[in-house]
Ligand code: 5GP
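A single chain comes next, written as structure tokens; it is the form predicted alone.
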Amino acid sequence: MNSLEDIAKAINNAERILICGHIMPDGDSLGSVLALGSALEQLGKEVIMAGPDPIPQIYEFLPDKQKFRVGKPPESNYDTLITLDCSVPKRLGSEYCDLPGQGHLTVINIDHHSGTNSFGQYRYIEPQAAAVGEIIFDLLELMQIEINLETAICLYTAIATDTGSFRYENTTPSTHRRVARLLELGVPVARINMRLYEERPRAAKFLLGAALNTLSFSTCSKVAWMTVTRDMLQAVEAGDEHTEGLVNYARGIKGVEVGLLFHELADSGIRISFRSKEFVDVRRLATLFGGGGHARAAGCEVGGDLKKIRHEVVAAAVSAAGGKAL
């Protein structure tokens, strides 16, 4: 793995840069992409920020969101690709995942997931970072790029969302020190937190009601799960983006150690979100099904029959939680 100094040098040597996060972007992915992109523009770099999926409504307040290009990879003669918050090229999306293998590109991979697949000529992976936003904060400081208010808002959003508003155990003293610096720049914390955690589209609330109707428990009550199907999404006129955070309603029940969400995707795949409270390493669980993530928050995408997959995943979660077999 490279040092952050190596990453800074590689970026300084770049002229035209494409910055990408992962599919179905969350706050850390989007916030980090927009923060790094706008900061590098201050250096006079030609920067393109792009991804296959649109920005979810919940993040429409982010500065410079209009610069984020949605759809196929932009046609341009960029010389450098920076991937953020992507443990494997597949997480870039089907139309972007081949980009890291193109020989004419210098690929810089910045991530904080333990077990991130080694791709790119330059790699900086820091599992101790609560969010990629923390790494970008340190990188900008190292490169002596001024963090303006717009960049600070993006970084705050990245860090706040990946720490569950500073509730998860990945929150460290260093996390709070970085955020304090951002607040000193004028980040409107109350307004941002209202947008993130209190103001949700009607469709998201209706989807929550439908998902809660599927809430199920293992015999030992240590595992709870919910399911979102395509029919459910269509019935309440919701989109995939509105499933964000639903898994926490399963995790948040007293006595439950592992919460799961089974989300049926448009391409017939199934997105599984894993969350735990105290002792189950859900990254290991997700790895069993080809995914990854963190000890308390992980995910994967699989293909196959929903009922069969759900039974297998729940059984593995029950075993990990020390419960009785289903």
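What you see is a predicted model, and the numbers here were worked out from it, not measured in a lab. The first residue of the shown sequence is 1; numbering continues from there.
Another form, the form predicted in complex with ligand 5GP, is not on view; read the next lines as being about it.
- Here is the short version: of 58, 298, 40, 260, the single residue with a heavy atom within 4.5 Å of ligand 5GP in the model of the complex is 298.
- Among 64, 26, 281, 264, the residue placing a heavy atom within 4.5 Å of ligand 5GP in the model of the complex is 26.
- Ligand 5GP in the model of the complex comes within 4.5 Å of a heavy atom belonging to residue 292.
- The closest heavy atom approach of residue 87 to ligand 5GP in the model of the complex falls within 4.5 Å.
- Using a 4.5 angstroms threshold between heavy atoms, residue 113 counts as touching ligand 5GP in the model of the complex.
- In the model of the complex, at least one heavy atom of residue 273 sits within 4.5 Å of ligand 5GP.
- Residues of just one listed stretch (71 to 79, 128 to 136, 87 to 95, 208 to 216) have heavy atoms within 4.5 Å of ligand 5GP in the model of the complex: 87 to 95.
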